[in-house]
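The chain below stands alone and is given in structure tokens; this is the form predicted alone.
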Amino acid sequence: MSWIPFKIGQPKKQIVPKTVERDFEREYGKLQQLEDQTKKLQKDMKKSTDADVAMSKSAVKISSDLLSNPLCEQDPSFLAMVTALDTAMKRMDSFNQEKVNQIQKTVIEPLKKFSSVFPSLNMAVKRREQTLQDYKRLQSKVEKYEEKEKTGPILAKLHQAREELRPVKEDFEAKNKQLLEEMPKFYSSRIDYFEPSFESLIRAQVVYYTEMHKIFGDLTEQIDEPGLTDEQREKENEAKLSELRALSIVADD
């Protein structure tokens, strides 16, 4: 979102005090940044949930493929291990889907709704800017006639120019006042609006990882071989691999 004021000839009279214009630019700049951050957060949250879904679905696919492997038919202990893994992956996928649904409902959708407000805000700023340009144009017109010799026709044109200026000036001042009052309120409202969403995000993550701890704790108990350390398992695997390499069909020529 960017705001580029129109460029026209400036009247000699200072229409908007510099302090007021600085205040306006500061408050609008904060809202521009807020819009960019909201859109980025919404996009990142969507990417995160998509990745979570893909990860859990892949894990279920892997365990399912292992379960259909011929090795499971030949080795009952391996079948029991893979069955335990498959059950754990399906439980994980179920809890992950609940987490993703919760985040979609309580975080992503509110972010999307919040972002939908900015087009109206930007349009209000644009209307304010258009009115300001009309104000400047008509003020310059008034100043032009004020500088001329005060003849009858000039005075009539000056009166007409002032009449044209008056409603435009009032319209700009009303728009400017409203925006200066409401932009800070809108910016401050972000905290109350987003706090419940972020609390829900944290709770969803806590519930999910608590369940994951339980699921993988149960899985560890089912497949773990008591008294065998990781180093011992590694040595055992290397010994079995050495036996395979000793076979003539895989021996180097």
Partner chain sequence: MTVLFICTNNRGKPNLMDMGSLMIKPIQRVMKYPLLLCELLNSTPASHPDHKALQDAFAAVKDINVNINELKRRKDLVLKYKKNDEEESLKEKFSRLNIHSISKKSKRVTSHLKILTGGEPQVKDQTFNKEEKLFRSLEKTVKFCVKNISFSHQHLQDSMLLAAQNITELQGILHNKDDEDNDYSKMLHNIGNPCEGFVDQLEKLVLTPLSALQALFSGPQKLIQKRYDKLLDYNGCLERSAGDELDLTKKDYEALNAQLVEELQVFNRTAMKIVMNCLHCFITLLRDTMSSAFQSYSTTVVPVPLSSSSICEVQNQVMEEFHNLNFVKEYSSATFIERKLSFEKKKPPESPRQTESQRSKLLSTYSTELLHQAKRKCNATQEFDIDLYEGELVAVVEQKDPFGSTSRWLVDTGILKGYVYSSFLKPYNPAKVQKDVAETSFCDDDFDNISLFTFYAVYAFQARSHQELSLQEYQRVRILQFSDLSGNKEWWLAEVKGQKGYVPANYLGKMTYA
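We call the rigid core whatever largest set of C-alpha positions still superposes within 1.5 Å between the two forms. Because the structure is predicted, anything quoted here is derived from the model rather than measured. Positions refer to the first chain, counted from 1.
Another form, the form predicted together with the partner chain, is not on view; read the next lines as being about it.
All of D65, L85 and E199 within 4.5 Å of the partner chain in the model of the complex, heavy atom check = Yes.
ask   = Should Y28 be classed as touching the partner chain in the model of the complex when contacts are defined as heavy atoms within 4.5 Å?
value = No, no contact at 4.5 Å.
message = With a cut-off of 4.5 Å between heavy atoms, is K18 one of the residues that contacts the partner chain in the model of the complex?
response = No, K18 stays farther than 4.5 Å from the partner chain in the model of the complex.
The partner chain contact in the model of the complex: A161, any heavy atom under 4.5 Å = Because no heavy atom of A161 falls inside 4.5 Å of the partner chain in the model of the complex, the answer is no.
ask   = Might T106 be said to contact the partner chain in the model of the complex, defining contact as any heavy atom within 4.5 Å?
value = T106: yes, in contact with the partner chain in the model of the complex.
ask   = Going through 65 to 92 from first to last, which residues have a non-hydrogen atom within 4.5 Å of the partner chain in the model of the complex?
value = Counting only heavy atoms within 4.5 Å of the partner chain in the model of the complex, the contacting residues of 65 to 92 are D65, L66, N69, P70, L71, Q74, D75, S77, F78, M81, L85, M89, M92.
query = Once you line up the core, how about E25: does its CA shift reach 2 Å between this form and the one not shown?
reply = The answer is no; the displacement is under 2 Å.
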